[in-house]
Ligand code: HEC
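For reference, the chain that follows is the form predicted alone, supplied as C-alpha cells.
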C-alpha cells in the first residue's frame, strides 16, 4: 500500500512537472512586440493607407490607432492564412513575419484614436441601437460586445470601434448584411447574424454614432 501510494505520488509529481513545462513552452511561443520596431514597419508598409500613427485620413481604410494588439495580430494572421480575404491586405500581411506582426500590433495599440465628427441627423438612431439593440428584430445591443464606450474586449477579440470612420463601418456592416463572413469561427457567425438583421438605414445610423464616439480615452 505504501509503495502504491508512493508510485501515485511520483506519477502526480511527474504529471505536474510536464504541465509546468507545457505552460512555460506555450508562454514562450507568445511573441513580445517591440513598439519601436513596429513604428518603422508601419511607416514602410502600413502608413500609406492607415496613417503613420494608425489614424487613416481616407475613410475607406480603418483607423488602427488604439486597437487591441491581440485583435490586430489575429486579423493579420487571418489575412495571411486566407481566412479573411482582401486583395490589398493579403499581400501586405504576407510580407510580415510573426515578429513583425507582434511589433506592428504593439506600436498601433499604443497610439491614440482620433475622434471622428458627429452626424447629428443619424446618430440618435445609431445610439439607440448601439445601447439597446432591437428586440423585435432579435438584434442585441452593440455594446454587449464592444462595450458602452466602444472600447471592445481584448481577451474576447472584440475590436475597439469608438471613433472609427463611418464609411468603413458601413462597408463592414454591409458586407456582413450581404453574407460576407470573415472565417468560420463563432465571431464570424455572430457578425453575419447581426449584419443580416440590419436595414440600410440602421447600418448608416450605427456607423454615424460610432464615428462620433469619444475615442480619445
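In this text, all values refer to a predicted model and were calculated from it rather than measured experimentally. Positions refer to the first chain, counted from 1.
Omitted from view is the form predicted in complex with the named molecule, to which the following refers.
- Message: the named molecule is absent from this chain, but in the predicted complex, do 56, 70 and 151 each have a non-hydrogen atom within 4.5 Å of it?
- Response: The answer is no; none of 56, 70 and 151 reaches the named molecule.
- Message: Residue-level contact is defined here as any heavy atom of the residue lying within 4.5 Å of the named molecule in the predicted complex; does residue 50 satisfy this criterion?
- Response: Yes.
- Consider residue 140 of the chain shown here, and say whether it contacts the named molecule in the predicted complex, taking contact as heavy atoms within 4.5 Å. Contact check for residue 140: yes, within 4.5 Å of the named molecule in the predicted complex.
- Task: Decide whether residue 146 counts as a contact residue for the named molecule in the predicted complex under a heavy atom distance cut-off of 4.5 Å.
- Result: Yes, residue 146 lies within 4.5 Å of the named molecule in the predicted complex.
- Query: Is residue 88 close enough to touch the named molecule in the predicted complex, meaning at least one heavy atom pair within 4.5 Å?
  - Reply: Yes, residue 88 is a contact residue.
- Though the named molecule is not shown, can you say which of 33, 66, 159, 163 has a heavy atom within 4.5 Å of it in the predicted complex? Checked against the cut-off, the match is 159.
- Message: Under the 4.5 Å heavy atom criterion, name the residues of 166 to 196 that approach the named molecule in the predicted complex, in sequence order.
- Response: The stretch touches the partner through 168, 169, 171, 172, 173, 176, 182, 187, 188, 190, 191, 194.
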